[in-house]
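One chain follows as structure tokens, the form predicted on its own.
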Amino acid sequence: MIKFLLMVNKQGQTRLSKYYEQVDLGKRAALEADMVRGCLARRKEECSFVEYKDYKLVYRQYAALFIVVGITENENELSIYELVHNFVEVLDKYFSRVIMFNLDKVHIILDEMIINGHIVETNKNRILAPLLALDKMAES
């Protein structure tokens, strides 16, 4: 099960966070800072899977952006690794440039892909269909 997804820049600033389990707001900042520091300190040749407390972390770097996903120990790391890449491809397809995006629309994309910590959709066209319908309604 997916516990959370973070998008973080190289300076360690969280740009987007989506939690699928309850974590106190006070604990989130410390948790994120500690996890991100650990991921950013790793070299490119090191594995993208890290054990951290009760989680396994799966992360990928895209230019200056890191995407970190916290999962339970029985979740498949490679499927999450591919999910992250699929997520970035969907962002790239919709926004053309992943670096500049509307966070509300990113949350809609995540909600189409993941519900309650479980992957429900990976087809890019089906993921983007609600956003494209909203855009069409906004134009008219």
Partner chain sequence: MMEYFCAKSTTSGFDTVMTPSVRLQEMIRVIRSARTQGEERGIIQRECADIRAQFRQGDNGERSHSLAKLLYVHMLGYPAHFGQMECVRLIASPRYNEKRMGYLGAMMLLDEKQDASLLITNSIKNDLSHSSQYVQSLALCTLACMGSAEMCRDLASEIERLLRASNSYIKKKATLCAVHIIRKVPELAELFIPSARSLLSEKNHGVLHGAVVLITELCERNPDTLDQFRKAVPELVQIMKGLVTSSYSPEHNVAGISDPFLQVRILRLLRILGHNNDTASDAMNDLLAQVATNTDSSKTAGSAVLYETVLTIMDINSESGLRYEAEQERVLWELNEAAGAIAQHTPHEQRDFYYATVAGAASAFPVMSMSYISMTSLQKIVQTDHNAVQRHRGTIVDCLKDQDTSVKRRALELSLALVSAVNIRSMMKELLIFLSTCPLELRSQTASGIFNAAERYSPSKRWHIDTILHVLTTAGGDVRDETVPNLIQLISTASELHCYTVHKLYRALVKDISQQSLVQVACWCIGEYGDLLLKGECEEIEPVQVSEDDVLEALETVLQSHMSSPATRGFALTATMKLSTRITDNVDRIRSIVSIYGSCIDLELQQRAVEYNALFKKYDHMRAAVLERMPVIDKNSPGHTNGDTSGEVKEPDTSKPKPVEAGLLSEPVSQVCDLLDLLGGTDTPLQPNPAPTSTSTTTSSADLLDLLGGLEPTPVPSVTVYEKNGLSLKMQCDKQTETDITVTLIASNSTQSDITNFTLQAAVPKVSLKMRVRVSYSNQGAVHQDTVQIDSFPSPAWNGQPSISPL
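Just so it is clear, the model here is predicted, and its values are computed rather than measured. Positions refer to the first chain, counted from 1.
There is also a form predicted in complex with the partner chain; it is not shown, and the following applies to it.
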Could you tell me if residue 12 has a non-hydrogen atom within 4.5 Å of the partner chain in the model of the complex? no
Quick one: is residue 39 in contact with the partner chain in the model of the complex, heavy atoms, 4.5 Å cut-off? no
Flag residue 34 as yes or no: does it have a non-hydrogen atom within 4.5 angstroms of any non-hydrogen atom of the partner chain in the model of the complex? no
Just checking whether residue 51 would be counted as a contact of the partner chain in the model of the complex - the rule being heavy atoms within 4.5 angstroms. yes
Since the partner is left out here, which residues of 14 to 52 would have a heavy atom within 4.5 Å of the partner chain in the model of the complex? 14, 15, 16, 17, 18, 22, 25, 28, 42, 43, 44, 45, 46, 47, 48, 49, 50, 51
